[in-house]
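One chain follows as C-alpha cells, the form predicted on its own.
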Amino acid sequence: MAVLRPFDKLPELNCATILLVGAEGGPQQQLAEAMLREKKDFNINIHLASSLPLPPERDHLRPRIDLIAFVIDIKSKYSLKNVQASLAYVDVRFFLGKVCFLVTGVGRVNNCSVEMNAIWKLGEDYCSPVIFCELELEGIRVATAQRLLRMLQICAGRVPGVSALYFSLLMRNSAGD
C-alpha cells in the first residue's frame, strides 16, 4: 500500500493542504466547514479520510499534504484502533512536526471508552501534539478550526522563522506544563 510522504510533491503557490483522518461523519465535516469559513490570506485544501491508506489511483491528482490531523473520538475504541492502524501508512518524516492528534468528545468524559493514558502515549510515541476539543459545540469548533489553520500555515512554511518541527516542540512542551 502507498505510504504518505511529506516531500514527494512540490508545494502549490499560496496554498496549504490538511488531511483529516479518523472519526467519520458530522464532527469532521463540521470542522472542515468551520476552517473554510475562517478568514485567511492563503488558499486551503481540506481532504477527509476515514482511514489510511488513501486510494493510489488518485495519487497523481492529490496535492502535497502539509499537515495530517488524526481525529480520535473519545467515545469510540474503534476510533483509536483505526488511527493506530492508519499510522503505519505515514512516512516517519511527517512526524517531524506535520502530524497532530485531535481528540474529540472531551466534554463527555463520563462516556469515555478510550483510556486517556493511551492517547497521551500515542502523542509521546509519535512525537506529536495532542489537542483536546469538543467539536459539537460551535464556539470550541471555531477555536479548534483557528488553531488548526495556524498550525497548517506553519507546516506549509508560510510563517517566516518558524518551522513545523519547532512549533511542534513548543506545543509538546506547553502540554506538559
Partner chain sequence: MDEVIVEYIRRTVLKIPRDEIMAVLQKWGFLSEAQLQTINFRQTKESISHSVAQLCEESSANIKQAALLDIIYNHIYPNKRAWSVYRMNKTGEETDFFDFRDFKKKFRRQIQSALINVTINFREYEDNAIWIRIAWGTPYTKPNQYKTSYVVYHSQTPYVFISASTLRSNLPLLCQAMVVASNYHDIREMELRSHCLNSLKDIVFKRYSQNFQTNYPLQERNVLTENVDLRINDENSSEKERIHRLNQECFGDGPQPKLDFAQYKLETMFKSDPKWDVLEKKEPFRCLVKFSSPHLLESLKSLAPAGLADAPLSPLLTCIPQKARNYFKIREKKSLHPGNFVALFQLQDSSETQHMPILST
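Residue numbers count along the first chain shown, from 1. Note that the structure is a prediction, hence the values are computed from the model and not measured.
This protein has a second form, the form predicted in complex with its partner chain, left out of what is shown; the following refers to that one.
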Original post:
With the cut-off set at 4.5 Å between non-hydrogen atoms, does E12 touch its partner chain in the predicted complex?
Top reply: no
**OP:** Flag N45 as yes or no: does it have a non-hydrogen atom within 4.5 angstroms of any non-hydrogen atom of its partner chain in the predicted complex?
**Re:** yes
Subject >> Touches its partner chain in the predicted complex: I131 (any heavy atom, 4.5 Å) >> reply: no
Original post:
Taking 4.5 angstroms as the cut-off for heavy atoms, does K39 touch its partner chain in the predicted complex?
Top reply: no
**OP:** Go through 117 to 125, 145 to 153, 132 to 140, 55 to 63 and give me the stretch that gets within 4.5 Å of its partner chain in the predicted complex, heavy atoms only.
**Re:** 55 to 63
Original post:
Does each of F7, L67 and S86 have at least one heavy atom within 4.5 Å of its partner chain in the predicted complex?
Top reply: no
Subject >> Contacts with its partner chain in the predicted complex, stretch 69 to 89 (heavy atom within 4.5 Å) >> reply: Y78
